[in-house]
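The chain below stands alone, shown as structure tokens; this is the form predicted alone.
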């Protein structure tokens, strides 16, 4: 019992209930500045004298030309859309770790439409079929763990995580059966000559991602409105707070769980569709590029708020792309840029912790008080 009391007095963590907006801005802003300083120091350790050049190459790799900037916006949009897909599930306290696999299955649905249907129908109809197949594949893939959770109370974290590996295996098998002759394990961009089933392009700033970015913005706004103003958004918040309370007020918990996770799958399907029809026009097991996992950080750091998730999506994409560009220009390996990016992520996570929690260290406060008393005592003795 004495040991327990001692541990409780060593450090105490309590949730903040009165955080003002300016305090939140100061904590997050200071953390971001510290993170940028730290990754610059990491670069300087790996390549002495590269501290300022690291930042120069970061900005060149993301803002140097309109084309590069539009590509940055495209990547930011994809990250935001995956985070938006996770937000309803996380707000309901359903820990969906399977966005990577759900996006991958959405991409598989789109590429099936692009491969087998698009060459035989008008492009507009082909795009509709690809879109429907993408959201169908992703929604079904998301519904499987949701149904098991709703009726059997399985662990959704492990279930959705394992579904990622299953999705990767299914996509890898599809590639093996349909790979480009003479190129093992790859499928070349489909319908390159006719561009059947490809998203139309607007050569704005010599970039073809304009329609993609518009679709992402529309979906993000719709989900934001759904979570904030709709009855369904209210119901999933109640279920996330307490399932017993939800049942007491007449909410069908099983229905809300399945409906919400299917919605997450639908948005992941949109991501898969954009990656195929509006991006690579092919598929690979790595087409989602880990966004399904990184988006978890974006979603939590943004506190399920779409504008804040947009901010963190931009920040993380900027650091990832900029660090990669810097590593290719400076005399060290890509591993250094990955370390720098990981350190940046850790500091961002820490900043959200200090925004939401107070850390009390009683023994440290007592130590500081004793030091202050000692100095006051010495001042009095010197005065006498």
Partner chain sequence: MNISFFVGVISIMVVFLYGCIGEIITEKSGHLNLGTPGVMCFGATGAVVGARIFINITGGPDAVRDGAGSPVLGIFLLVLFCLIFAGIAGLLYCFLVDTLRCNQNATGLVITTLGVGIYKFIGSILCPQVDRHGFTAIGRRFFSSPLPVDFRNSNWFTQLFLSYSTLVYIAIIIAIIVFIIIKKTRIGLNLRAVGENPGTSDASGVNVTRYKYVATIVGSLITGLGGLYYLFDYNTGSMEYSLEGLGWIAVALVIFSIWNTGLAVFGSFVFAFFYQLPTPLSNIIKNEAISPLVSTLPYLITILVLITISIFNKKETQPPSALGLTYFREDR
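This structure is a prediction, so every number in the text was calculated from the model and none was measured. Residue numbers count along the first chain shown, from 1. Each form is matched to the other, and the largest set of C-alpha atoms that superpose within 1.5 Å is called the rigid core.
There is also a form predicted together with the partner chain; it is not shown, and the following applies to it.
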| property | result |
| --- | --- |
| Proximity to the partner chain in the model of the complex (heavy atom, within 4.5 Å), stretch among 240-248, 161-169, 120-128, 224-232 | 161-169 |
| Residue 176 within 4.5 Å of the partner chain in the model of the complex, heavy atoms | yes |
| Contact test in the model of the complex: residue 23 vs the partner chain, heavy atoms, 4.5 Å | no |
| Partner contact for residue 366 in the model of the complex: the partner chain, 4.5 angstroms, heavy atom | no |
| Contact of residue 350 with the partner chain in the model of the complex (heavy atom, 4.5 Å) | yes |
| Partner-contacting position among 300, 211, 115, 314 - heavy atom within 4.5 Å of the partner chain in the model of the complex | 300 |
| Contact residue in the model of the complex, chosen from 52, 30, 37, 342 - any heavy atom within 4.5 Å of the partner chain | 342 |
| Residues of 331-345 having any heavy atom within 4.5 Å of the partner chain in the model of the complex, listed in sequence order | 332, 333, 335, 336, 338, 339, 342, 343, 345 |
| Per-residue C-alpha change between the shown form and the other one, residue 337, threshold 2 Å, rigid core fit | yes |
